[in-house]
Ligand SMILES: Cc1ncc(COP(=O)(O)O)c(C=O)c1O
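Heads up, the chain below is alone and in the form predicted alone; it's given as structure tokens.
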């Protein structure tokens, strides 16, 4: 059941709603980026005004205060992920950059002619293109496990590809297109048993799932983005087991990632600092930590039940709407619904929704091979969070109806 009072309390925590007037906007593009609660804005403001020093650079107390706050943010991310130690968490710009670091570093350090990397047809471009590039440079091959008509990864293709003994297996926790939740713990065990490194793209799923307890998991690398977790844009993380950080080459060279430098040699600092050359996104890291505090403070069961109920309500409402076809929908989808409207391009549907002050995503969703495997060129996507309710879905339906009325009338003889 959808609790109106609980949703009202959540909306009161987000300036997007409290400062927007009535009726509040219907923000249904949460799979692209979530809104930021007031506590995150407060943390960002404090970081801008009170923490004036740079990190790891000076002995004056302003720098020391900033360094302590920055490293406390790293520790907060590590605790939230269930990492063995904060040094396993590297701050990056986003999950895309994290995946590029892993793929490029693996290619440089371990990529050999004939190497194989297994991915799925579900991948976001960020977990496909970097591996292809790394394999092209080393003379390897990319194996792709295809999907079934419902959008799930085909288990026969998955096991057949795994039998080819890839050196790396990379896959998403949740599809950013259909919201399908993958059996990643099972996949990781199988990949590890086959001798592969396991890379998890958790960007789309972390906000919907309990902490991954990474120290006891079968994953080797996990990536995520702050902006999909109620945090600010421009900050993300790469978690890696400490043993891998010893062979993974640093992606950037410069200040503060070295222990010693001579005219002809250099010795890198210990992880994680060898991977964070130059001045990092200090402000973003503190905002990210505040977002995780906010997320931790929400009752998990209530949040899960709300999103499940709202997703099911939206599935029923959209499926009953003339001309609307759901794509890959499942009752357990992680707050994401992909759909088409017969005879209308998704961009046009999104424009009519926008006219109703409703935000949805439309297009290839940075997952073109997956969408084509599902038989489409592009899709509409609505995605939900704790501040959404049934009225948002009803307003989306108004936009769809007006789009249909416009285009169907336009094409009448």
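No experiment lies behind these values; they were computed from the predicted model shown. Positions refer to the first chain, counted from 1.
This next part talks about the form predicted in complex with the named molecule, which is not shown.
Trainee: Would you mind picking out the stretch of 141-149, 199-207, 258-266, 284-292 that comes within 4.5 angstroms of the named molecule in the model of the complex, counting non-hydrogen atoms?
Mentor: Only one stretch qualifies here: 199-207.
Trainee: Flag this candidate site as yes only if 31, 124 and 227 all have a heavy atom within 4.5 Å of the named molecule in the model of the complex; otherwise mark no.
Mentor: Looking in the model of the complex, the three residues 31, 124 and 227 all sit within 4.5 Å of the named molecule (heavy atoms).
Trainee: May I ask you to choose, among 157, 217, 96, 340, the residue with a heavy atom within 4.5 Å of the named molecule in the model of the complex?
Mentor: Looking at the other structure, the residue within range turns out to be 96.
Trainee: Heavy atom within 4.5 Å of the named molecule in the model of the complex: which of 103, 174, 184, 89?
Mentor: By the 4.5 Å criterion, the partner-contacting residue is 174.
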